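Given next, in structure tokens, is a single chain: the form predicted on its own.
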Amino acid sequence: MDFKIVYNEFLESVEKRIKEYIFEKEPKNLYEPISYIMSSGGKRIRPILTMIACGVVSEKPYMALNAGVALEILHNFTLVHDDIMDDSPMRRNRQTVHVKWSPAIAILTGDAMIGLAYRLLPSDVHHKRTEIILQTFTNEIIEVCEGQVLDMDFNSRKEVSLDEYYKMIDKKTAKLLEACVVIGANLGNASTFEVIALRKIAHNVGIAFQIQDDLLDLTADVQKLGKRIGGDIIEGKKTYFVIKAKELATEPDDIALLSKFYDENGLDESYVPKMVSLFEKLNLFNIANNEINNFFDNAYSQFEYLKVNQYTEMLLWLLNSIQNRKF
């Protein structure tokens, strides 16, 4: 199996389903922003992960297409509202919804997206595990809101521990990937052991994914990343790098720079190169890469609990692709 071809086939199916479900509906002031955010690109990892998880346990990935699209809509809902809270002007090289339209329209856009996502999930008539699927989806909405609040709380705090950071990214990033595989696996009537293994894989990949995001914010090509480099520093985000730097810095000038970052809840763009130099001096890029690889190793260790088929192999391929992503 050429996994890239299969991925693109899944991707085409996801895009087609999104388009027929959302585009060209009324009222335009609601559905145009939804269509806009849902057509802004991205790798669609979440719906495809949902389909692959279903394929791993059933070899019928397309049973999870609608649920995968629901999870992609949920993911994009979080982006719309996050951009309002972060006052972000750009995402994926385009104006954010609240800038292109208004904050009020962006709030309504996100609210409507939750309802649209729920409509795509199965009912009792369609699947015997509907209850656990709906419960997983609902729990994810709560988890991601809790994660966002923790992220916002960090902005006003002078001390944030690495354990607190991990708790935040678990809720804000990892739990959504867990929901993808749990819902996909249950649609495929997975065993308890298969669900547990897939959940652990998604959890570890989700944590690694967020540390990668923190890394790419400092190192990626701006055109590929779709937003300004060093945005987390400018916005005052307590990322893996800032927290580890505060833990490891010993020289007065370095401590003063970090204190300025914390005191001012971010730094002017002109300070980004100085912060990057500090991270390099503290060897944080290598430390972060080692941490990322450790989480991926934990994910790979769970494959022994899954049956071997083409979709299990595709899941392994996908994890390798994520581990080596550049944007």
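All values derive from a computational prediction rather than experimental measurement. Heads up: residue numbers just count along the shown sequence, starting at 1.
Just so it is clear, the following notes concern the form predicted in complex with a further copy of the same chain, a form of the same protein that is not shown.
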item: Stretch in contact, per heavy atom within 4.5 angstroms of a further copy of the same chain in the predicted complex, of 238-246, 203-211, 189-197, 103-111; value: 103-111
item: Close approach of D268 to a further copy of the same chain in the predicted complex, 4.5 Å, heavy atom; value: no
item: Proximity of Y165 to a further copy of the same chain in the predicted complex, heavy atoms at 4.5 Å; value: no
item: 4.5 Å heavy atom contact, E251 and a further copy of the same chain in the predicted complex; value: no
item: Any non-hydrogen atom of E26 within 4.5 angstroms of a further copy of the same chain in the predicted complex; value: yes
item: Triple contact flag A220, I287 and L319 to a further copy of the same chain in the predicted complex, non-hydrogen atom at 4.5 angstroms; value: no
item: In the predicted complex, the residue from L30, L65, I45, L258 that sits within 4.5 Å of a further copy of the same chain by heavy atoms; value: L30
item: Answer option from L79, V99, I234, I141, heavy atom within 4.5 Å of a further copy of the same chain in the predicted complex; value: I141
item: Contact set, 57-75 vs a further copy of the same chain in the predicted complex - heavy atom within 4.5 angstroms; value: none
